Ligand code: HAM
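In structure tokens, one chain follows: the form predicted alone.
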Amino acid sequence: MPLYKAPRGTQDILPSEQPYWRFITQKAEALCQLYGYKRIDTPVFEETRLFSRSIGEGTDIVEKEMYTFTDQGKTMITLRPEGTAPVCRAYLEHGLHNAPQPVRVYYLTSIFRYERPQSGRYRQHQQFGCEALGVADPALDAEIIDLVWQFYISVGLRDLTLHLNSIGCPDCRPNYLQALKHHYSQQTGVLCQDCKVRLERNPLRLLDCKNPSCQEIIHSAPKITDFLCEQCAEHFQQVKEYLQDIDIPFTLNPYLVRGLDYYARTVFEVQPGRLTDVGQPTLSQQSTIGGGGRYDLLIEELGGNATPAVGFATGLERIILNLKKQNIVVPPIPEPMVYVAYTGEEGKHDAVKIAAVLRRAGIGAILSMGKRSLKAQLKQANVLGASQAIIIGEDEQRRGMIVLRDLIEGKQREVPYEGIAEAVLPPIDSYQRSAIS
């Protein structure tokens, strides 16, 4: 047994898994470029009060899931449990309100939450997210939803369902919360312990409960869309119309609220559906693969001026899980094409030089290491997936020549030492073609 293991709820992403990660991150970056979103990176930790203020004191994330500690400067610090609040902090700190609005940014980053580990859910996981700040236009809601939808399509996922709702604003939500509290007050005997607390502290979070005993109560609760003010109802109607304009299918879900307190108006989630192919397994409904919404009040809550904004985040581990369940094959990461083999100590010196020449010419090369027979070296070249091998033998050295062997066809020829880079043509990396083709 190994002396040390990765902490519970984390994972090592081994080289064999990297093709999935490269595939989906390059798809994400290519789409962001198409939509005009630019990358932003924020610190892996922030002051705790940023998250307790933005996410909400009554949420599971703040009360149960944050990794919080006091640093040596006596400051309460929290590992990033979500990506939106740090982007808003950066927007305020760096005066991005002076830039052309909306400010469109994306991130690929680690998220930390102390959750019960299960399939597709880790205590450290990776997220791809986009935020658009500074404009209240419902067309921007549709753009964000379109971006994440096209991302899922581009990686090959199918049978997905987009759940859509509006949770109103501070003007219309109080009337709904009053009706919601009245509904739940008649059911206190069957509420889970968490929901009994939520009923008093944060009633909207009642609709986010995953406890089976509370599901029936949720489905008979009043619908928030029946309580929307005129402005929120009009905004939501326009979002739906824009989605229809661009052929994005959606399902209205009046009980969708998301798990963060900063949302207002539009909220949405994308969930894996059931596969229809005969003999294929049914995908789990447990894991939402992505979601987001509008958070027009968050930046003001953090001390800035009233600034409308909308965004989404999607977990990469859950995407990979669904790619595997749907038997979607991703392109392999190209291997270095040339294996440099040698005989004798003088041959090794030349091998070191030739490997360096090839790499500096942009040609991937693997240099044989240790003292092994030429047969063993060429066997390793095949195992590593090299398409060509350079063999530096004593006889060829004396004549200033090198053997270039095609490992696929089994043919070989001699080439001059000085012209080796020109003799080896680099392969075309499929990733250099359009990442969204």
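Note that residue numbering follows the sequence shown and begins at 1. Computed from a predicted model, the values in this text were never measured in an experiment.
Not on display, but discussed next: the form predicted in complex with the ligand.
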| query | finding |
| --- | --- |
| 4.5 Å heavy atom contact with the ligand in the model of the complex for all of Y91, G134 and P308 | no |
| Contact residue in the model of the complex, from E143, D261, D208, E82 (heavy atom within 4.5 Å of the ligand) | E82 |
| Option touching the ligand, based on a heavy atom within 4.5 Å in the model of the complex, out of L191, L367, L228, A313 | A313 |
| Heavy atom of G293 within 4.5 Å of the ligand in the model of the complex | yes |
| 4.5 angstroms heavy atom contact with the ligand in the model of the complex for Y107 | yes |
| Interface membership of N253, the ligand in the model of the complex, 4.5 Å heavy atom rule | no |
| 4.5 angstroms heavy atom contact with the ligand in the model of the complex for K240 | no |
| Contact segment among 118 to 126, 70 to 78, 218 to 226, 343 to 351, judged by heavy atoms lying within 4.5 Å of the ligand in the model of the complex | 118 to 126 |
